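Here we start with a single chain on its own, the form predicted on its own, put down as structure tokens.
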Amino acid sequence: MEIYFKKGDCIECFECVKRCNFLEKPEDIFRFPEHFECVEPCPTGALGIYGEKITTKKLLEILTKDIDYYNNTNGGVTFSGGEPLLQSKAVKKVIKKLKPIHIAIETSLFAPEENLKDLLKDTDLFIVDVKILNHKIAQKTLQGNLKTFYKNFQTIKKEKIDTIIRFPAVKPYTFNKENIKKLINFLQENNIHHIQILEIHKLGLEKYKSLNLKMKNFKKPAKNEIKTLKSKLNERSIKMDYLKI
């Protein structure tokens, strides 16, 4: 849970200031990120909270409302991020109550192996996000340990669980010469013949601003660069889907 402030929606009524003795103006809320109660009086939603704490019981109530829909359409439930493996105990409780509905988990695999093993038995599909495959850069940029990623991936592979590989095309972080080469090697070494490439966007820019954060500078690859990547993959009998936002 995080407090946000959208300056453009503020009408300067200062109801938040009246509520909180620590604020002189709405922007001061970033100095007191734990003061969730101070955003409640805002009449326009300029001050608010991103995220919501929810119990497994409440989540099950929400998900089971659509049980008939899942059954009639062969649909299911996907747990995505953040990182669902970091909440494996809670996710497992929910999954156990949802079965035999199809369960998918989208993950970076940057989580303890025991967390993954908690969920192996009841997961039908893993959607694995492959990003940076240089150990030092992955640690610095993603705070992720590639040794953990590779070990967890081999665990999934050994169990022969259906897996989709996704790769966000982000220049210069993931979409660069070295990382593309490592990605192709990874796919070949693991006998993977299909990958989904994700087009990136900056739809989160306003959200970053509302959290008083600065978005990193990045851009999406040009059409000819995506075409070149597809050709390289085709040469190695790897099918590529480019998923656009």
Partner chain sequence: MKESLINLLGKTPFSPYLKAYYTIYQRDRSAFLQTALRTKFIHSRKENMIERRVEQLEKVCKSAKIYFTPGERFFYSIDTRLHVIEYPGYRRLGNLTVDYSMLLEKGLDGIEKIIDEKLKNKDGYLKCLKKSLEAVKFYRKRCIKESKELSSILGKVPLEPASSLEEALQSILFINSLLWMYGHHLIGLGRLDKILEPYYEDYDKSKELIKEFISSLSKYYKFKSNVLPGDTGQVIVLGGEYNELTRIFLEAMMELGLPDPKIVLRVNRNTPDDIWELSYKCLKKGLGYPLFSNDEVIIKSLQEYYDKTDAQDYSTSACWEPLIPGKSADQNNLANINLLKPLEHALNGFSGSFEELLEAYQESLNKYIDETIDAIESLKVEPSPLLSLFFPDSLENAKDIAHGGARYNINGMLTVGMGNLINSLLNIKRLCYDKKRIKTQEILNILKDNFKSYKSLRFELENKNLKYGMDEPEVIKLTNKIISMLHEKLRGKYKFGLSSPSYLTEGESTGASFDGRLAREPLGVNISPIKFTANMSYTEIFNFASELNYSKAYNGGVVDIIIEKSLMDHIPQKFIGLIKTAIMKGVMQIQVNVLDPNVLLKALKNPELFPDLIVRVWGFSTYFKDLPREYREIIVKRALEYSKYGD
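Positions refer to the first chain, counted from 1. Here the rigid core means the biggest group of C-alpha atoms that line up within 1.5 Å when the two forms are laid on top of each other. Everything quoted here is computed from the prediction, not taken from an experiment.
The same protein also has a form predicted in complex with its partner chain, omitted here; what follows describes it.
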property	result
In the model of the complex, segment of 190 to 198, 42 to 50, 24 to 32, 216 to 224 with a heavy atom within 4.5 Å of its partner chain	42 to 50
Answer option from 80, 139, 73, 154, heavy atom within 4.5 Å of its partner chain in the model of the complex	73
4.5 angstroms heavy atom contact with its partner chain in the model of the complex for residue 65	yes
Heavy atom of residue 20 within 4.5 Å of its partner chain in the model of the complex	no
Its partner chain in the model of the complex - contacting residues of 13 to 29, heavy atom within 4.5 Å	13, 15
C-alpha of residue 13 moved at least 2 Å between this form and the one not shown on rigid core	yes
